[in-house]
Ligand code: SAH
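The data below hold one chain only, encoded as structure tokens and taken in the form predicted on its own.
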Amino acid sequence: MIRTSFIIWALMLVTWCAMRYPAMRRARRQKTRVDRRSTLDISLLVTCTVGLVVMPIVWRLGIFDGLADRRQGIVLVILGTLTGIAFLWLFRRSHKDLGKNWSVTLEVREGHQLVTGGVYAHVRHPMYASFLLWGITQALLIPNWIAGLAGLVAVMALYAVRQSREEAMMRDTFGAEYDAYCARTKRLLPGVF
């Protein structure tokens, strides 16, 4: 069961990379108007990479030598797979809805438009919501307390630091239009939070 759950996790990672690559290529061609990247921002992105990619691989290579392993049942694998499908769908939908407005860091592009359609009509941060789903997926599929939870902890730290900075940047860029958008949408979960 452990091998199966790791293979499912790895396939989701490869799918995520295949989805992200075209957006990154497109983003490199866009001119940046506002750049609010910081050392902290970059450090948190690196931490997410370690938590969501490196830790499960290190665990699978046996470097933890059984430390913090837990039992893995079929129910967790099924829940992890379903959560992973939701993660990949929301991640893809977020990228598609943002189009040329997407950036991996805190940037506003030349000709940047406020996106309020698609999944953005329901939540302001569907990309972060998708990464939280990825962290939950990993926690369900990787039967190790350290490697399984590493991604979720890293994503929560990224969101906690970055979301307010990102919203301030959007408010500076779009003013009252962004305030009106915030008034009618929640941050991560429609109608709740």
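Heads up: residue numbers just count along the shown sequence, starting at 1. All values derive from a computational prediction rather than experimental measurement.
As for the form predicted in complex with this ligand, it is not shown, yet the points below apply to it.
Novice: Can you pick the stretch from 147 to 155, 22 to 30, 162 to 170, 43 to 51 whose heavy atoms fall within 4.5 Å of this ligand in the model of the complex?
Specialist: So the stretch in question is 162 to 170.
Novice: Considering this ligand in the model of the complex, which of M127, L133, L140, M55 comes within 4.5 Å of it through any heavy atom?
Specialist: In short, M127.
Novice: For the three residues W9, L13 and T81, verify that every one has a non-hydrogen atom within 4.5 Å of this ligand in the model of the complex; reply yes or no.
Specialist: No residue of the spot touches this ligand in the model of the complex.
Novice: Classify V77 as contacting or not contacting this ligand in the model of the complex by the rule of any non-hydrogen atom within 4.5 angstroms, answering yes or no.
Specialist: No, V77 sits far enough from this ligand in the model of the complex that none of its heavy atoms falls within 4.5 Å.
Novice: Verify the contact flag for A86: yes if a non-hydrogen atom of it lies within 4.5 Å of a non-hydrogen atom of this ligand in the model of the complex, no if not.
Specialist: No, no contact at 4.5 Å.
Novice: How about H112: is it within 4.5 Å of this ligand in the model of the complex, going by heavy atoms?
Specialist: Because a heavy atom of H112 falls inside 4.5 Å of this ligand in the model of the complex, the answer is yes.
Novice: Going by heavy atoms, what in 45 to 79 lies within 4.5 angstroms of this ligand in the model of the complex?
Specialist: None of them.
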